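A lone chain, given as structure tokens: the form predicted on its own.
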């Protein structure tokens, strides 16, 4: 089809044409960046934890009065929990993956270096690896003789008694690769302080941080052999079969309350709930962005329909003349579709440049990654399709106008 008549017509309606072009451009820019942000949220929500999430339960309790012997209380609780039917394993931990609140420490490769190498999460507790289902890919797990009580460790820090401190640790494969790229981490030393050195005895495939807000550092994790007492906000972690979780959770709560009726249960949930709660803001943001995309698409489509309907009404004489000169209904239909395609193409081209500019702003102020080029053609195709579908109704009405009716309506 010759587009010169279309361009001539558009030059006579510059204002309305440019308004539609700008609307499409703005929609293209926002949609491309919104789809990219949604994909980022979805990728973050799919972050691996490294634990057997569907098999784990978390219970936290608070004592009205501080136990006389917190370590004995913790061991008693673990013993009664192990007696619950269908409980496969139990551990006592200072924190849980995706728990939000995190215990972290500085990591040094040299005790004399002035600045830390990085910051990593430190998990404390016995039997954590096997209970949480973390995969050990190199070395060995922590042994009972590796553990020291937390009070003993704190006293050792104050007095400088290195024998009272833990001496080994497990680290994730990601952390090992960051500290010693391409090298074997087993047997190497890392320092939490200039006086606390830990030898790496095992490497874990994956274990996410409780506050895994940054995907790049989410796996900077260590398991340190420190034994805790039941006097703070530590968690009992129970492993069982997925289908037994609800029943085991109820039975576990019952035995803990029986051991001490005065204690208060502050948290009782599965690890599926832990993940769901941690990523609730990401789901909400993805939903909001999806709503923005749908709203913009609808507004853009309505704008195209309205403008096309107005132009069909204004061009009835032109349509009648063309039909009288031999133009078919298909010719009239293609005319309006081509006109819309040209306007959409100009709007999309402008929108791509605007999308790139918005992405640069987000990169500069919100540390977002660069918008991949693939999102631009995807957004373009989507807007072309919406444009063609939106103009189809008015174009069909124009093609259905009989020549004699159109000429008499002048």
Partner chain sequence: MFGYYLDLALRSLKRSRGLTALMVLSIGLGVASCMTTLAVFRAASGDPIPWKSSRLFVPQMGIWQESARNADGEPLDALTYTDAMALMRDHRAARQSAIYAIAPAVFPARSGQHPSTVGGYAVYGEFFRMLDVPFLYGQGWTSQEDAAAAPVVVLSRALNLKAFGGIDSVGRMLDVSGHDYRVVGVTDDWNPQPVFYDVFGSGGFTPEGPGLFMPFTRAIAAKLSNGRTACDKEPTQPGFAGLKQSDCVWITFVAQLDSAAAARAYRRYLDDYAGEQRRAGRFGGKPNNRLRDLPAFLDAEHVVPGDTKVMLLVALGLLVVCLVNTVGLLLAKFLRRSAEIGVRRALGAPRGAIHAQFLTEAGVIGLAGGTLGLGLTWLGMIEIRLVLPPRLAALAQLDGSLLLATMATAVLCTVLAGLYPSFRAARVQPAWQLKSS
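Every value quoted in this text rests on a predicted model; they were computed, and no experiment measured them. Numbering follows the first chain given and starts at 1.
There is another form of the same protein, the form predicted in complex with its partner chain; it is not shown, and what comes next is about it.
Although the partner is absent here, residue 182 is not a contact residue: none of its heavy atoms lies within 4.5 angstroms of its partner chain in the predicted complex. Residue contact check for residue 47: none of its heavy atoms lie within 4.5 Å of its partner chain in the predicted complex. Under a 4.5 angstroms non-hydrogen atom cutoff, its partner chain in the predicted complex lacks residue 359 among its neighbouring residues. In the predicted complex, its partner chain sits within 4.5 Å of a heavy atom belonging to residue 115. By the 4.5 Å heavy atom rule, the three marked residues 225, 243 and 392 all fail to count as contacting its partner chain in the predicted complex. Stretch 280-288 is the contacting one of 280-288, 78-86, 329-337, 209-217, since its residues have non-hydrogen atoms within 4.5 Å of its partner chain in the predicted complex.
Contact with its partner chain in the predicted complex, defined as a heavy atom within 4.5 Å, holds for exactly one of 259, 292, 249, 321, namely 292.
In summary, among the residues 296, 255, 168, 138, the only one with a non-hydrogen atom within 4.5 Å of its partner chain in the predicted complex is 296.
Looking at 297-325, the residues that come within 4.5 Å of its partner chain in the predicted complex, counting any heavy atom, are 298, 299, 300, 302, 303, 305, 306, 307, 310, 313, 314.
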